[in-house]
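Given next, in structure tokens, is a single chain: the form predicted on its own.
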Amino acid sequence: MTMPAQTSLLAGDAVEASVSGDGPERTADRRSIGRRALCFRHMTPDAYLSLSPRNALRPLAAILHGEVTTSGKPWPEVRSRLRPLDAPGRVEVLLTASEVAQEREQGFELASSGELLFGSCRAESIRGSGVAEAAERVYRGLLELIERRGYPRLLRMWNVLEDINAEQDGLERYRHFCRGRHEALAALQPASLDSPPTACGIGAEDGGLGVCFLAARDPGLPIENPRQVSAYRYPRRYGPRSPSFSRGLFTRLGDGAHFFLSGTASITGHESRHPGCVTAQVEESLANVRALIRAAEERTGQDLALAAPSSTLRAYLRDEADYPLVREGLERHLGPEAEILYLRADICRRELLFEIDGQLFVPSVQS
């Protein structure tokens, strides 16, 4: 398969460059940009370094993947500990048209706008059953923090855990993590156990436990996939506590509708499918994504497009040798213009080779 030539500016960067505070607007409608509460962009390191708080879309936070130098910018810069597969470094930037305030509190790096609060923290060097203790401590801290700050509704979580599939103290580390997260939610937000936020739980080679979150003042609408058992209702064979996340979540922020897609893999019911075949796992995962989007459209009456220019996706691959096959499969289904970030990562079940997540955005129709 022929790979597309590398460019210094990804598709999303061109939009941001066209709305910088000092340059002429040639391709962007500033009236629409001025209402954007949240937008995600995948950028090259060089394009990222050109961003400024003076831009029409201001960075809320940045997630650094691979070989990216910390810039010293005022917003939170979070190292994912995950490696891009199509370049040495990539940056995932969360942008907003609102004014942004940044600070630190009790180990969390925070950035807030009028509608959203972003936060991140890391617990280093956790071993064995300490994973559950660390997860409970981190989640208790963030749940107390979002309540105190007036953003009590979690929308989206990103969890990256070192050696996620390793077994310690008789239990897989991911299952230790699920137990700790559940205990924190049960203690401080018990109502959320049946309507948790969207999330991914991905494995890295180092870094302990890294957690990022997006929280809002108002709740979103959790959406479940009819092809899958809800993760928070998995049978006990998957651990002492089920994973606490919804398959998807729909919300309206600023100028449009946002749909957050949790990490989605080759699982139907609660069983893994197609072990050992990455191409079949990609097909099954996309079937799950499409079923979830249909369920969201039926619940909300909103059309959602997986491959729209305003959608951004992450593809996680256990084996980097599978990258050409996975990319070919995703481009065949979604088109070559779909904005997908390809990352080397371990998936939360040993037999799974591929997972996908992301966010879809549909602007409001303006008169």
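Only a predicted model underlies this, so the values are computations on that prediction, with no experimental measurement involved. All residue numbers are counted from 1 along the displayed sequence.
The protein also exists as the form predicted together with 3-(2-carboxyethyl)benzoic acid (3EB); that form is not presented, and the subsequent description refers to it.
Residue heavy atoms within 4.5 Å of 3-(2-carboxyethyl)benzoic acid (3EB) in the model of the complex occur in exactly one stretch of 145-153, 95-103, 291-299, 260-268, and that stretch is 260-268.
The three residues R247, C348 and E355 all sit with a heavy atom within 4.5 Å of 3-(2-carboxyethyl)benzoic acid (3EB) in the model of the complex. Among the residues V211, C200, A132, L116, the one placing a heavy atom within 4.5 Å of 3-(2-carboxyethyl)benzoic acid (3EB) in the model of the complex is C200.
Of the residues given (S80, N225, N159, S285), N159 alone sits with a heavy atom within 4.5 Å of 3-(2-carboxyethyl)benzoic acid (3EB) in the model of the complex. For the chain shown alone, R181 is a contact residue for 3-(2-carboxyethyl)benzoic acid (3EB) in the model of the complex, at least one non-hydrogen atom being within 4.5 angstroms. Although the partner is absent here, P243 sits close enough that one of its heavy atoms falls within 4.5 Å of 3-(2-carboxyethyl)benzoic acid (3EB) in the model of the complex. Using a 4.5 angstroms threshold between heavy atoms, W75 stays clear of 3-(2-carboxyethyl)benzoic acid (3EB) in the model of the complex. A residue is said to contact a partner when one of its heavy atoms sits within 4.5 Å of a partner heavy atom; Y234 meets this definition for 3-(2-carboxyethyl)benzoic acid (3EB) in the model of the complex.
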